[in-house]
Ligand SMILES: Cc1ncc(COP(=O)(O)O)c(C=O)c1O
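In structure tokens, the next block holds one chain alone, the form predicted alone.
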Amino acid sequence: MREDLLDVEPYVSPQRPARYRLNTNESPYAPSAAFLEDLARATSELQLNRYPDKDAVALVNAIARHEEWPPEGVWVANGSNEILLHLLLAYGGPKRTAITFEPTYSLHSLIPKITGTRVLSQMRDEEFEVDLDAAVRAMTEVGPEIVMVCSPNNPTGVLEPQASIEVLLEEAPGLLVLDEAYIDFAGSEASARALLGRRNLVITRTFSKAWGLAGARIGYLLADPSVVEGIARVRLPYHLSALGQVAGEVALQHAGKAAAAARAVAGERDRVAIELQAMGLKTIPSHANFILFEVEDPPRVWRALLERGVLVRIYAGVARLERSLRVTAGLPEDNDAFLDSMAEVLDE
């Protein structure tokens, strides 16, 4: 094994048997019956004995229409994680640097490491936003090829101010990769989509969250066509299956229902946050589909919730999150079960 991988821990998303799984930020809403009917019809027409369209032209064009962006600037892959992998393979690598802002999604540092890219981690400010002064100094000193920003950020849910994104775009010597996996829960004006005219901006999205298709593994990016030309050099042949391509196409035909589900989840997120605050707990203002909150004894609270059938995420050992748990907003009844359990645990 490569020596530079010896201290790299594999990505782990711990799962436990639980009635209420509120730890992985999936949508609580399953695809509609109408979606499933359309998907069944579309998949029945596939020739699965043949390779899929290597360029996923139909899906790329559908995303381009949905996002109102040229298809030459759209790239699709198996979830936004593979999108990030393609980006790092093409624009990272040995003797190159990626900057991340912690705490954030762990794949933002893991994927650069497995591609041989040097990772420079900067801590976020007290509000869990990017510390612009520190970021500009680091970019000036290091000259990173890639700057990674998650907005809304995982696991805090904090939305990066548009003005901050503009400063980072101006100062970044290479690509600014803006991970907008949770943007659909933040409102229509929250995205940095309007800044895509800048050649060094890359926006990544996923069908795994608001679209309710975590099991389909579909992600995409929007960028200048020149960025896509670079990525095309590193992808594997036929990397996105015919089934995945069709699932994405059908999902876009039901975009209105996905948007309505995202609004419902956002409403439940706000309700849960208010109830946690009423219990005397500190919550981080979230624009995603989850809430990060602090408790006195996270391991004890986590175990007590699990004993009641509620699984949430714990961040033991993560800098600045030592007292934190994260709960995904589920269906109203899921959230009621979580809140009732939290009240019981705190009373103990």
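The model shown is predicted, which means the values in this text are computed figures rather than measured ones. A residue's number is simply how far along the shown sequence it sits, counting from 1.
One more form of this protein exists, namely the form predicted together with the named molecule; it is left out here, but the text below deals with it.
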Inset, instruction - Can you work out whether the named molecule is within 4.5 angstroms of a heavy atom in all three of Phe101, Leu132 and Ser164 in the predicted bound form? - result: no
Inset, instruction - Could you confirm whether Thr156 comes within 4.5 Å of the named molecule in the predicted bound form, counting heavy atoms only? - result: no
Inset, instruction - Give a yes/no on whether Tyr182 approaches the named molecule to within 4.5 Å in the predicted bound form, heavy atoms considered. - result: yes
Legend entry - 4.5 Å heavy atom contact, Gly244 and the named molecule in the predicted bound form: no
Legend entry - Contact test in the predicted bound form: Cys150 vs the named molecule, heavy atoms, 4.5 Å: yes
Inset, instruction - Choose one stretch from 169-177, 115-123, 205-213, 253-261: the one whose residues place a heavy atom within 4.5 angstroms of the named molecule in the predicted bound form. - result: 205-213
Inset, instruction - Name the residue from Pro144, Gly248, Gly79, Gly92 that puts a heavy atom within 4.5 Å of the named molecule in the predicted bound form. - result: Gly79
Legend entry - Heavy atom contacts to the named molecule in the predicted bound form at 4.5 Å, residues of 99-126 in sequence order: Tyr105
